[in-house]
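As a starting point, one isolated chain is supplied in structure tokens, in the form predicted alone.
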Amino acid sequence: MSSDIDYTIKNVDEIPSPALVVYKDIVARNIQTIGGLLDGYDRLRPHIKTHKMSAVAKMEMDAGITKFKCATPKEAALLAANGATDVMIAYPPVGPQTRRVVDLAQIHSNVTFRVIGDDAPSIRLLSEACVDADVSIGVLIDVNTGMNRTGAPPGEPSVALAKLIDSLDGLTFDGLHAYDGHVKGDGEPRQTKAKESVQLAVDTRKQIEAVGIDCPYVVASGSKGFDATDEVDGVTEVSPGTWIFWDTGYGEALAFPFSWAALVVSRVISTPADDLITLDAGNKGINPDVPVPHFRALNLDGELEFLVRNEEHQLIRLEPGVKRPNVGDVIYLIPKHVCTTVNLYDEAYVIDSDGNWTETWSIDARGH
């Protein structure tokens, strides 16, 4: 195989395909690795949208991670049910989701829940719901530092929102949130762009504090920039998610020392020609949201030509001279986007240090 880690599963004949497999020891190693990169876990608020699993959250907590970030109320409920006491939902609650978040605060009164927001009317509605339920929820302003997907503009517009949140019953103003998914490249250029991006939030924090409002948190960065923004004075926490399992989308672009911990086991279901194979991992088996190459195949040599991709089929042309596998042969696939891959499955087959499937973990918070 093309990796220095042997991903071969000794009892793979017992695993139906396509299947998500998670290597428990590699997950533990990635948790140790990020702790080393950040000199501990005090400034880490990992995003669980990548794994969505109680078992992995417990591994993180056992390692000393005490606060978490998530995207959905379902993920927040998973964390609260498993002992997390500081949960940030990095998504603005609107419509019925506002009620779901408030319900969580009622059910789990020992948990500090925080959300993000950039819209004054929605924030007012959240305040009213909190008052009606006699709960308090923290709000961080989602600051647009260049992603241009969500967020209030830095500077005065965010200061105005901070004043509003600080004045509303049922809410506490807890600071700022900034996501740098727009940062590209690697090395020093990537780090510079990440620092420049988050500096907009840090400067906004100073402006908010200058008007007499405490701004305790600046939570910033995903996997593309967390190492750089962690060094910026004024950033209190970083919140990457993909690092826990890693994938080729980040792994081939970023020089981080994480290892692939979640793969898809696939099988050849047809060989239409001497240079063609069809796998059983189509759009419903592995990251449906990415262009070619959809994945890296660990045990297929040469460059793959991705031809037809359907819901349950992936047709591939092999490079000339490469020996074609047979129908039924197992092919190990590394996702290009592991987050959307995990969300396709109800459970993961867990592989132990001896290379055996020994247990199954529920993907508790898949879907919404």
Ligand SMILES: Cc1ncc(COP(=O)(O)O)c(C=O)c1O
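Predicted model, so just to flag it, every value in this text is computed and none were measured. Numbers for residues come from their place in the sequence shown, where the first is 1.
Another form, the form predicted together with this ligand, is not on view; read the next lines as being about it.
Contact annotation: H51 falls outside 4.5 Å of this ligand in the model of the complex, judged by heavy atom distances.
In the model of the complex, this ligand sits within 4.5 Å of a heavy atom belonging to G241. A residue is said to contact a partner when one of its heavy atoms sits within 4.5 Å of a partner heavy atom; Y250 meets this definition for this ligand in the model of the complex. Within this chain, F245 is remote from the site of this ligand in the model of the complex, having no heavy atom within 4.5 Å.
Here the marked residues R149, Y179 and S221 all reach this ligand in the model of the complex, each with a heavy atom within 4.5 angstroms. Note that among 264 to 272, 233 to 241, 293 to 301, 102 to 110, the stretch whose heavy atoms approach this ligand to within 4.5 Å in the model of the complex is 233 to 241. Taking this ligand as it sits in the model of the complex, the stretch 44 to 69 comes within 4.5 angstroms of it through a non-hydrogen atom at H47, K49, K69.
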